[in-house]
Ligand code: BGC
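Before any questions on how it binds or moves, here is one chain, the form predicted alone, in structure tokens.
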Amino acid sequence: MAENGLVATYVLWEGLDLTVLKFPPGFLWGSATSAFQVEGGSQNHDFYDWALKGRVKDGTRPDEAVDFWHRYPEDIALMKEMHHNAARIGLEWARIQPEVGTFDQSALEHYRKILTALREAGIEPVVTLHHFANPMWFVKRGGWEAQNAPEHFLRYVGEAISCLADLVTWWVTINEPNVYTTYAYFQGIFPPGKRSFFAAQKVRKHLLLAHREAYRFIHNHYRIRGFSEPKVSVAMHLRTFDSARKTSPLDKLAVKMLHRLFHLQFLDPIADSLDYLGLQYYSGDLVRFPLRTLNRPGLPKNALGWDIYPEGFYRVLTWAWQRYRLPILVTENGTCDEADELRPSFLIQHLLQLHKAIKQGVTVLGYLHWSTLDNFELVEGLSRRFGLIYVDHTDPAKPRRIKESGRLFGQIARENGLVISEFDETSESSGSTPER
């Protein structure tokens, strides 16, 4: 067990006895990024426009992000050093289709180079077609509120799939449609910054239609070309919702409302067009009527103030499996941690809960940590760090180094498991079950 030095160190720090805990054969281990958050060099999308409007909290812009577009060979080598056998990356719609009706073949060829480099490194690509950002020409035509939004998206999907299908098995059509709809059209945090329940419902409908049409196109395209069946899904953000006041009927009603609004109305309509479920988990909420969300007192918080609540990971995994019976790929799980002080323990505790779910019969295909690199973190900017790889944003050369959490993750991935104690299947700090 000498090779697992970091794992043993953190397991001992957690006060656990040492035994070997293995994941299923063929389990996918890797990390995730989105296109505009790491690539740089693309200014024709709405998140860049959002930064120009001063809507990024630290005042930074994704001009270069972390320059993955040019630095991908180095970054893939670092993934390999962390023993990744899978990696989730994104395609930038605005880069591939800079104007309506115009597709940049050189951009698609560059993506082919990135995907080929991943495959040559023994890393299975999981490719996201839409990860929050939209081309400005699309925005000016009404964005996702427009009736023909799914048609625009499908034309882009067609070009991307036609060029890249031979290099990709795993596709994510849309990242977190529930978060995008909520933040962009209900809370006004993401562009276009609207606050309308009716606009949000229209966008939800169009996003789900876009997914269904993309799912159908991808499968037909692979069939026509004689390729092996693709695996297509969305990446869905799941949270636990619990009553802030356990005896309050109103709080329990609010939990049911949030669960329906945030989970069911997005997943139920498309469950028959998912080959697997891309599941993303970060934290959970206490809910107070009417729809107020609160932290759990006493739990550790990350740099964004989110509860670190590993038991919630087990709860959403088991709920999703019981409801949909789809194999699960964890497409994101991670924490914002400036000094890499919380992330090692976060990894151990969440992987423990993941293994508990697998042991109880949940089919999980792999785990992709968010994120590979310290990237441009949406409306937080460059100041917030989620990466397994540290990036010095103050140096124009953007030097990288693997963090201790990245080394820890690499040892777990190499061994397809970790050294932890025998886990008490009945213990859960919350003592609660999902309120569904």
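Sequential numbering from 1, following the sequence displayed. What you see is a predicted model; the values in this text were computed from it and never measured.
A second form of this protein, the form predicted in complex with beta-D-glucopyranose, is not displayed here; the remarks below concern that form.
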Exactly one listed stretch (148-156, 275-283, 73-81, 340-348) reaches within 4.5 angstroms of beta-D-glucopyranose in the predicted bound form by non-hydrogen atoms, and it is 275-283
Exercise for the section: Please state whether all three residues Phe27, Trp321 and Tyr367 have a non-hydrogen atom within 4.5 angstroms of beta-D-glucopyranose in the predicted bound form. Expected result: no
message: Would you classify Phe241 as touching beta-D-glucopyranose in the predicted bound form, given a 4.5 Å non-hydrogen atom cut-off?
response: no
Check: Asp251 near beta-D-glucopyranose in the predicted bound form, any heavy atom under 4.5 Å?
Finding: no
- Task: Decide whether His206 counts as a contact residue for beta-D-glucopyranose in the predicted bound form under a heavy atom distance cut-off of 4.5 Å.
- Result: no
*beta-D-glucopyranose contact in the predicted bound form: Phe409, any heavy atom under 4.5 Å*: no
Answer key: of Arg95, His355, His263, His131, within 4.5 Å of beta-D-glucopyranose in the predicted bound form (heavy atoms) is His131
None of Arg296, Lys231, His259, His237 but one has a heavy atom within 4.5 Å of beta-D-glucopyranose in the predicted bound form; the exception is His237
Looking in the predicted bound form, the residues of 358-386 with a heavy atom no more than 4.5 Å from beta-D-glucopyranose, listed in order, are Trp370, Glu377, Leu378, Phe386
